[in-house]
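Starting off, we have a lone chain in the form predicted on its own, written out as structure tokens.
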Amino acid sequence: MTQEIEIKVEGGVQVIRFLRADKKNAFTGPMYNAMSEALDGAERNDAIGVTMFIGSGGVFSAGNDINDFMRRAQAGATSPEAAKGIPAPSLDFIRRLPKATKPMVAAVDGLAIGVGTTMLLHCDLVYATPAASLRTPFLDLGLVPEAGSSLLGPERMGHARAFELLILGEPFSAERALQAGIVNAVVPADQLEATALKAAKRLAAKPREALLTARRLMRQDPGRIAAMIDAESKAYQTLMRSPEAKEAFTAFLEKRPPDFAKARRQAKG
């Protein structure tokens, strides 16, 4: 278990806490592995009724650690992993989200970027502070949204709002996320964890079979979300090799604005 993730069970709730605040809780491979193992463990453990995600240091998660993401993508370039588009263990984690049978709750403070936002679409309850800011800069990196958000976003928010968040890349404040139906309530920072944990414990205390059955009926077929995750991953595979994506990642690492027009011109020779 990585020290960048803390996992505890309290009152029937498995709390997954991100502890990489110095890096804005950006996810690394070991962090994804830890979260995947925790979700698998929750499925096998009757003492766990709900899983709750929470950040630390005033940040939920900045999404993928770009350096770690690129390293894993390059390492998998000649392996079966490359065919998946999104490097494992990132893909392994997001594939587990629609398969989770037990409720998931999120407590969001500060930045929630990339998968830090798209994973919220899989959660049943999301609480946020006024400082929460949801952002999905996939297009700015020459890529497409992931974690099934191409399907879940329009279903949750409608096409216009989903397009604004996922494609235009417009940041959503806590209030905007509340209006869009991503967030259930906006609460003061000093009440965030207690509010989310109280709701999670209320769920965990309900008759378990009825809880899981009701959730399954509301969510319907998880297979369609899994299919979208695979489609998004295939698009990733293609786009990660595009001149624009290479320029976007290079510019990000070099801390400069990308020049997509130049990248296209060079690609054409």
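What you see is a predicted model, and the numbers here were worked out from it, not measured in a lab. Sequential numbering from 1, following the sequence displayed.
Keep in mind the form predicted together with a small molecule is missing from the figure; the text below concerns it.
By the criterion of a heavy atom within 4.5 Å, E232 is excluded from the residues contacting the small molecule in the predicted complex. Although the partner is absent here, K99 sits far enough away that none of its heavy atoms falls within 4.5 Å of the small molecule in the predicted complex. Taking the partner from the other structure, the small molecule in the predicted complex has a heavy atom within 4.5 Å of a heavy atom of F138. Of the heavy atoms in D22, some are within 4.5 Å of the small molecule in the predicted complex. Between the small molecule and the residues L212, I66, L39, M228, the one pair within 4.5 Å by heavy atoms in the predicted complex involves I66. Interface residue among L165, V126, L192, L111, judged by heavy atoms within 4.5 Å of the small molecule in the predicted complex: L111. Of the candidate stretches 213-221, 41-49, 200-208, 56-64, only 56-64 has residues whose heavy atoms lie within 4.5 Å of the small molecule in the predicted complex.
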